[in-house]
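What follows is a single chain, given as structure tokens, in the form predicted on its own.
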């Protein structure tokens, strides 16, 4: 029997989720919830879905899918995830940013764990097959012992786009961020509620003992470097490059990494993230540590971002993770927090119908 799927939130990103779930074998999209009535109608017609609802609670009062994907602006994710947990789904996923307040995210993670529900999530490059393969090779010791890591251009929307860096860093190193010390600029960005325009410079201490420098701008790279004595793996917003050995001038030699291709390359890393999620739901919550992206991953990215801001605010004080004060928060920009309809970037009905 295919897994039944409900999508909560069918804006631009939600429509991409619908497309993936409509394509993957072993899943059947049975319902969508969308607050905008015209968009709800158009998306239902576009994808042939008749079970249309205004919000999560209305949908879950009528149908309990095996899997619910919450693809809402950050402000509304918490309540929808908890509604799915209360309904007794087998798996729930969401996307970035998972929230703003650590305590709210803790509640989602804990509720899923207590109910034995798989909590997946994330349209993050960490889920790329190439990133997963590079990480597996690093952790298998193919290139030797990891001796260093660095993060480049960690700034701007650090609870949104910036979480890409943390997710990839943790996956490539196989380690957690245990301490953050940071300097932030400009000063006005440190004082505001959101992360808009905030540039972070500092260092992360990792659970494997490494100290990872963090740069706020291109150096000229803009992703994550992880290296051993003989090799460098560089993620720079795409397939990781791998360098091994030195040429006659002492420069690193880039090699062909021979990554196996994704099964559905048209969906890029959203497709592989969802495939991983579905695989774990089918096999059971005891396999949750195999998720390419989990709710815990999204929480860790937010927590590192919060720690970076508060370290900078307090005069670059080292902050240990997990943070003791779970009331701390960091809001993303309005588009990520409130959605396009409420932040001046609404989607046209032609776009929602797939015509633009």
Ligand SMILES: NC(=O)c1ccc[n+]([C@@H]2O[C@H](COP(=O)([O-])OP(=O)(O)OC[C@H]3O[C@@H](n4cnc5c(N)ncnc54)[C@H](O)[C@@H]3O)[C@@H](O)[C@H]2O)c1
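Source: prediction; values computed, not measured. Numbering follows the first chain given and starts at 1.
What comes next is about the form predicted together with this ligand, which is not displayed.
- Per the 4.5 Å heavy atom criterion, this ligand in the model of the complex is contacted by stretch 65-73, the sole one of 309-317, 22-30, 283-291, 65-73.
- Contact annotation for residue 329: none of its heavy atoms lies within 4.5 Å of this ligand in the model of the complex.
- Among heavy atoms of residue 171, none comes within 4.5 Å of this ligand in the model of the complex.
- At the 4.5 Å threshold, heavy atoms of residue 323 stay clear of this ligand in the model of the complex, well away from it.
- For the chain shown alone, residue 120 is not a contact residue for this ligand in the model of the complex, no non-hydrogen atom being within 4.5 angstroms.
- In the model of the complex, not one residue of 198-215 has a heavy atom within 4.5 Å of this ligand.
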